[in-house]
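Coming up, as structure tokens: structure 1 and structure 2, two forms of one and the same protein chain.
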Structure 1
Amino acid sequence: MKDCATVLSAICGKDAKDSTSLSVPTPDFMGALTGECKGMKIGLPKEYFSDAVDPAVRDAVLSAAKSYEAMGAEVAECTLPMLDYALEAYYLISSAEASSNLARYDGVRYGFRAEGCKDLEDLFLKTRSEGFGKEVKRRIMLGTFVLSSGYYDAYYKKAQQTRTLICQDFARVFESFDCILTPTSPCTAWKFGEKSADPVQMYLADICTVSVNIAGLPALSMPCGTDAAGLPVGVQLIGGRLRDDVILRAAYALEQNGKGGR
């Protein structure tokens, strides 16, 4: 956690060349590493502990929760009802942005350019067909579709509205909790190539982490035990907006408690 806090202290702050960065004071991340978390209120959102979550993962997270209680933190169940929609919203919004962000790889200014093109349109088509991989193409096509006239309102706009509801959900939880404890992934690692044929199954593995990207919240993942096969399990700590210091404090306390080691 010290490494994490050190790096964050260095990269945090306003970047004059990034309009999405904020001009707010950088918190004292190193000072947040006190090693204790007495009185901290930690929420366990019940939506993150459904049957879809591997029992080994669930047990690891619940044992982390017990450790927190033992250290004097208050752990209680909370609820994020909009979470059901986070994955869909995330994939619609991120694919839409990707379809536009990746459009610059058209073979004109830089990067790969296909050979033997007979005209401009051919150059665009061939370059993009040959240059992009399968998953990238899938997202470009999904993103292009949801931004198309006639579909924008039903998909992209709805996803953005959902995003607002998800943000409100989290904001409500952070009125009574300092941070949220969840699994990082619903399952431990699968074999290489095992789920490639079913992209939706793969996307589902992101279900625990995409919501913070949607909501603009700080989160960290730390190791927390292993499953029966010896594969690592991760727990995720989510903080309120700009409260990176709170999750660092909670994570460091758990680390010092002997959990979360390598």
Structure 2
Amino acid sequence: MKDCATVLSAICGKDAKDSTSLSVPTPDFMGALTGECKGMKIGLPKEYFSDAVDPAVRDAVLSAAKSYEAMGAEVAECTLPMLDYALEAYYLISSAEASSNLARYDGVRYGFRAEGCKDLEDLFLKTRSEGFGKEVKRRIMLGTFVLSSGYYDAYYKKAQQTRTLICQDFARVFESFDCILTPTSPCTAWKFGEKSADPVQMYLADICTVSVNIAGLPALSMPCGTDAAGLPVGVQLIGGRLRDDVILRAAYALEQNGKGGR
């Protein structure tokens, strides 16, 4: 956690060359690493602990929750009703952004450029065919579809509306809790290449983490135990907007308690 705090201290703050950076005070990240979490309120969203979550993962995360209680934190169940739609909203929005943002990679201005092209159209086709992998092409195609005339309102607009509702859910929860504790993934790692032919199954593995991306929240993942096969289980801590210092404090306390690892 000290490494995370050091890096955040260096990269946070307004960057004159980055229009997306925020001009807000930078918290004392190193100062947040006190090693204690007494008095903190930690929420356990019931949607993250459904039957779809592997029992070994659920047990390891709940064990981490008990460790927080032993350290003096208050742990209680909460609910995020719109979370059931987060995965679909995320992949629609991110694919639409991929479709628009990656259009600039045409082999003319920068990036990879295919060789042996007979004309401009051939340059575009070969550059994108050779330069983008299967997953990138898949997301560009999906994004182009959801942004196309006749489908924009039905898909992209609805996904953005869902995003707003998810943000509201999180904002409501953070009125009562300092941070949220969840699994990082509903299962432990699968064998290399085991699910490469089934992208939907791979997308489902992101169900616990995509919500923070569309809600614009800080989150931290760290090991919290292993399953019967010795594979690591990850726990995720989610904080309120711009409250990276809070989740660093909670994560460091768990790490010092011996429940979290590198």
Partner chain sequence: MKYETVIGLEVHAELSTKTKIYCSCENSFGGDTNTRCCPVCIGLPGALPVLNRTVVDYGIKAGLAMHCSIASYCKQDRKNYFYPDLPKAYQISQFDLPLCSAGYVEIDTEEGMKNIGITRIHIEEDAGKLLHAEGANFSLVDYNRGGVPLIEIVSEPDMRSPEEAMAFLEAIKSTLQAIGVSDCKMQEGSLRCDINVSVRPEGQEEFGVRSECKNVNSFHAAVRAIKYERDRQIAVLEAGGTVEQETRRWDDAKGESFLMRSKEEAHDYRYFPEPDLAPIYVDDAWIEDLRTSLPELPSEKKKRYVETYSLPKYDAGLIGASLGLSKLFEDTVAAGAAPKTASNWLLGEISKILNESMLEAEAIPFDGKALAELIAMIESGAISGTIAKQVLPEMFAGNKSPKQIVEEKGLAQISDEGAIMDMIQEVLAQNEAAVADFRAGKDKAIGFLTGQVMRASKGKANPGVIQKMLREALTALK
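Each form is matched to the other, and the largest set of C-alpha atoms that superpose within 1.5 Å is called the rigid core. Reference numbering: structure 1, starting with residue 1. For clarity, every value in this text was computed on a predicted model and none was experimentally measured.
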item: Form predicted in complex with the partner chain, given as structure number; value: 1
item: Rigid core fit then Lys191 CA moved by 2 Å or more between the two structures; value: no
item: After fitting the core, Tyr151 CA displacement of 2 Å or more between the two structures; value: no
item: Displaced residue check between the two structures: Ala171, CA, 2 Å or over, core reference; value: no
item: Lys118 CA shift between the two structures in angstrom, with the core used for superposition; value: 4.8
